[in-house]
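Below you will find one chain, with nothing else, as structure tokens; this is the form predicted alone, and questions on how it binds or moves follow later.
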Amino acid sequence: MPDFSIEAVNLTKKYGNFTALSDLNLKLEGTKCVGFLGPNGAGKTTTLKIFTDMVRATSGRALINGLDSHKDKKTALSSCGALIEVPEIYPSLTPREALTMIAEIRGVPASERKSSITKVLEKVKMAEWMGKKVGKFSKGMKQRINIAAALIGDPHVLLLDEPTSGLDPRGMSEVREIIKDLKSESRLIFMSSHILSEVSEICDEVAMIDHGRLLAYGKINDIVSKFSGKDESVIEITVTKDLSTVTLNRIRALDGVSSIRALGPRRIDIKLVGGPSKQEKLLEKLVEMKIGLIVFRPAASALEETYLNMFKESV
């Protein structure tokens, strides 16, 4: 596994009497997508800005691949791409022109800029628009260009601050598919979001903060089991062929399954009594049934319930 990492070490940020971050300690390693959750004002954007050295920490350190992003900014950020808040691109520029400037700033050799720009625009499905002026683009198209900008230089680490914020349903879906594709390319992605269904769909793990303090970090299944307040979980599965009544009854009879709810002919929610070990056994049994299982993840409703339990005083 590639040795990519993001680490906050006793990270603190104060604005006068207001403490945005308070001794935050968090280490992410490997290649995966980690969701960054918390209510408004919890410190998510501040954390991401400190990692990119857009904001200076009051104390503590922000490390990218073991390098301090403030003291050794150029080297640390050379392997990192970031999309923080909603950057604007000059409307009179084309994607080719805007990305050429970014490639030059990032030190991409002149001989490689054209191919690098074409490659990232193809990743975000905007290659056919590279010669059109950005001012004519929709919000979703602009956001895809912003993601392309973050990918210039082929970074190993990506920091994304609410990448689907403000987009219509189609734009949100397009950006989510791009992030899913990026996950398959051996990158470490740290993504803040307020959309819990989005986190359930895309992320492998979640880190939750409130008032600048880390409350929980781990795999979504484990977080849901630990903090839901119940000895049960809800698992969403998707299969490649319609689920018959006979198959549904077989699933309903599996150990630990208390109920199932149809979401469509090929998607169901399974309410399961027990912790991670029960989930593991359920997965094994579903694979053995040869029903074409392609998705097995915590249901968005389960993560939402856990979130509301944890942040009931803040939400």
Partner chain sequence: MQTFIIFKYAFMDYFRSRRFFILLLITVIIGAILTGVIGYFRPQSVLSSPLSFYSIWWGGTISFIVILSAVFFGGDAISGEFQNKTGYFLIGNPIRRSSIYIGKWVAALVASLIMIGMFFAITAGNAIFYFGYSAIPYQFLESLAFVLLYLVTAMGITFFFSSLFKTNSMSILVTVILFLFVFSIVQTLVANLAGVEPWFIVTYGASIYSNVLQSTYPAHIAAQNSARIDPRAFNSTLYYATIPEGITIMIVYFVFSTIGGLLLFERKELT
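Here the structure is a predicted model, which is why all the values come from computation and not from measurement. Each form is matched to the other, and the largest set of C-alpha atoms that superpose within 1.5 Å is called the rigid core. Residue numbers count along the first chain shown, from 1.
This next part talks about the form predicted in complex with the partner chain, which is not shown.
Asker: Name the residue from Lys125, His211, Lys73, His194 that puts a heavy atom within 4.5 Å of the partner chain in the model of the complex.
Answerer: Result of the distance check: Lys73.
Asker: Just give me the single entry in Thr52, Thr31, Gln279, Asn65 that has a non-hydrogen atom within 4.5 angstroms of the partner chain in the model of the complex.
Answerer: None of the others qualify; the residue that does is Thr52.
Asker: Decide if the three candidate residues Ser78, Val86 and Glu104 all line the partner chain in the model of the complex, where lining means a heavy atom within 4.5 Å.
Answerer: Checked in the model of the complex: all three residues contact the partner chain.
Asker: Considering the partner chain in the model of the complex, find the one stretch among 174-182, 95-103, 235-243, 201-209 with heavy atoms no farther than 4.5 Å from it.
Answerer: One stretch meets the cut-off, namely 95-103.
Asker: Tell me, yes or no, whether Ala149 is in contact with the partner chain in the model of the complex, where a contact means a heavy atom of each within 4.5 Å.
Answerer: Yes, Ala149 lies within 4.5 Å of the partner chain in the model of the complex.
Asker: Give a yes/no on whether Tyr90 approaches the partner chain to within 4.5 Å in the model of the complex, heavy atoms considered.
Answerer: Yes.
Asker: So in the model of the complex, does Arg297 come within 4.5 Å of the partner chain, heavy atom to heavy atom?
Answerer: Heavy-atom contact with the partner chain at 4.5 Å: absent for Arg297.
Asker: Although the partner isn't part of this model, could you tell me whether Lys290 comes within 4.5 Å of the partner chain in the model of the complex, counting any heavy atom of the residue?
Answerer: Judged by the heavy-atom cut-off of 4.5 Å, Lys290 is well away from the partner chain in the model of the complex.
Asker: Using a rigid core alignment, state whether the CA of Ser184 is displaced by 2 Å or more between this form and the one not shown.
Answerer: Stays below the 2 Å threshold, so no.
Asker: How about Val86 - superposed on the rigid core, does its CA move between this form and the one not shown by 2 Å or more?
Answerer: For Val86, whose C-alpha is compared between this form and the one not shown after core superposition, the shift is less than 2 Å.
Asker: Cα of Lys132 displaced 2 Å or more between this form and the one not shown, core superposed?
Answerer: Yes, the C-alpha moves 2 Å or more.
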